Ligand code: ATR
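Shown next as structure tokens: one chain only, the form predicted on its own.
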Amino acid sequence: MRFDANTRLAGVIGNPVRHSLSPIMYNTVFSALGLNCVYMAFEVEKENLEDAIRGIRGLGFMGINVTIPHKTGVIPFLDELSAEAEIIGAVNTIVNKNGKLIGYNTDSYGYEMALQEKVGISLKNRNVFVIGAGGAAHAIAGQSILSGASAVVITNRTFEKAKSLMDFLNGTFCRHHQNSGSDCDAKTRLETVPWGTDAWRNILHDMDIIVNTTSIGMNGRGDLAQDIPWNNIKKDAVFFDVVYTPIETSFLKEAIRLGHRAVSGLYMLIYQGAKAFELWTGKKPPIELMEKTLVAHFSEKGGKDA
């Protein structure tokens, strides 16, 4: 990999971000395709977020990824949002188009593609249980609605945030329908439930896809598996975790042990990254190489965190 005055810059901002595998994935692809580009990780505090976004334009970055906790916070500092980012209300990819910063949500694409490619199911007519109400939850819940889920149920430790996300999605989808000349009658039932095993027991028996969008389980940060009422879940329910360090959280390990299908956030990372790569470069990404690179990285680490 060469670096010179023509090297194009990309990166990821978040906090924490040192665990990110994106630099490994993107830089391997840039090198393999002979692209004079480099990708780096930048830990950005909330109070420095506006300055960081200005820096994308000022330094001529081709774009960046955005991760926890800035996926909603970056929106006021952008010039434009793509249709899906506006509907979902969260941004994880920014493209610098000749100084104009455009926000996209490729997490939503990554989530849907990971389900299709790894366990062969679509979101249409599914009941989806979303744990968390942050930026990743916006993408998961929003894409579930866009793809025709029958129901989306949101839970969060702070119940008001779950309710706020539900109200936001109701509002944005209503405006979307009105702008397209249709009525606001919801095709997807939206609901919120309180956090905790007792409340979840009454709803999980009817859920087809159960998604953790929080950082619980990342690098040993708690154990979500302890809160799941496992005996109240359908045998064919699919478990999805946006966390990818470790590649299999205790949440997913317990699901697999009990015979459920499970999808690691590693694959959401790969597919959202593939979409971001295409937006930045205009080139089709080598998805097999991206997966091989990350799997090899975890193998070298002995399955431990990055």
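Given the structure is predicted, the values throughout are model-derived calculations rather than measurements. Residue positions are given as counts along the sequence shown, with the first one as 1.
The discussion below concerns the form predicted together with the named molecule, not included here.
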query	finding
4.5 Å heavy atom contact, residue 215 to the named molecule in the predicted complex	yes
4.5 Å heavy atom contact, residue 195 to the named molecule in the predicted complex	yes
Proximity of residue 135 to the named molecule in the predicted complex, heavy atoms at 4.5 Å	yes
The named molecule contact in the predicted complex: residue 156, any heavy atom under 4.5 Å	yes
The unique member of 49, 68, 62, 37 whose heavy atoms fall within 4.5 Å of the named molecule in the predicted complex	68
Heavy atom contact within 4.5 Å of the named molecule in the predicted complex, the stretch among 157-165, 142-150, 117-125, 72-80	157-165
